[in-house]
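The chain below stands alone, shown as structure tokens; this is the form predicted alone.
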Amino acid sequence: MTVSRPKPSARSRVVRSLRKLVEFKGIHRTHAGQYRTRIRELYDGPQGAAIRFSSVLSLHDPLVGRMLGSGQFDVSRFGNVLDVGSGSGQILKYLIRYARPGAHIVACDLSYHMLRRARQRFASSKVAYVAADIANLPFQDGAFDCVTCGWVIEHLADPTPGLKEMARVLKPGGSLLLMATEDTITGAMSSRTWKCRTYNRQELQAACESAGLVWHKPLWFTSIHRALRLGGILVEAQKVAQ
């Protein structure tokens, strides 16, 4: 018996077409090495320097703080935390604030200048700074019991290499806090600004599971974000224990 799928409404077709028109497509048209160089230059420059302020204006900064501070994602559970794509420290500053006493945090980013900005902002004995590519992390297998990755995976045309690397450095049973740009109109606008792609929830979930990262708990900044499908894809995933 063949089950027919309902046809998308006229409104959903218009929204989908508009999103495809707006979304940045250069990530799929550029060699990975060239794209990585362009992204490093983007974040090394003035636009990267402005993230600290734009993340406050967009409310991403305080909303991440609210999520970690409320225990919706409880970082006090972990002793060794890796923050992938730390930027100027939007997530890092809350890891420092809410991580358990004695926790060790490693902040890594592709951009040396972004790491320098973060180091200048935060003087903490908890943090070590390492320049690294998400697809080639210079850490041992199972080195961390938590990895945070906020709005970084969308800079990979294929998320698999980055997800596999984060899974590799996680201990079995360890947690990944993943935040990514979703395939919505607002997400498409963001992708054009930051020269990245967007992700469909089902697509990203399948990619995570293929890397050994099972989605454990969907997260939302607020009930309004949940109702209006705003804020992007936020999820806690766990590395499958072998």
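Treat the numbers as computed from the prediction; the structure is a model and nothing was measured. Position 1 is the first residue in the sequence shown; the rest follow in order.
The discussion below concerns the form predicted together with a small molecule, not included here.
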{"property": "Close approach of residue 155 to the small molecule in the model of the complex, 4.5 Å, heavy atom", "result": "yes"}
{"property": "Interface membership of residue 114, the small molecule in the model of the complex, 4.5 Å heavy atom rule", "result": "yes"}
{"property": "Residue 39 within 4.5 Å of the small molecule in the model of the complex, heavy atoms", "result": "yes"}
{"property": "Contact test in the model of the complex: residue 118 vs the small molecule, heavy atoms, 4.5 Å", "result": "no"}
{"property": "Full three-residue contact with the small molecule in the model of the complex, heavy atom 4.5 Å, for 85, 133 and 150", "result": "yes"}
{"property": "One stretch from 139-147, 105-113, 163-171, 73-81 that, in the model of the complex, holds residues within 4.5 Å of the small molecule by heavy atom", "result": "105-113"}
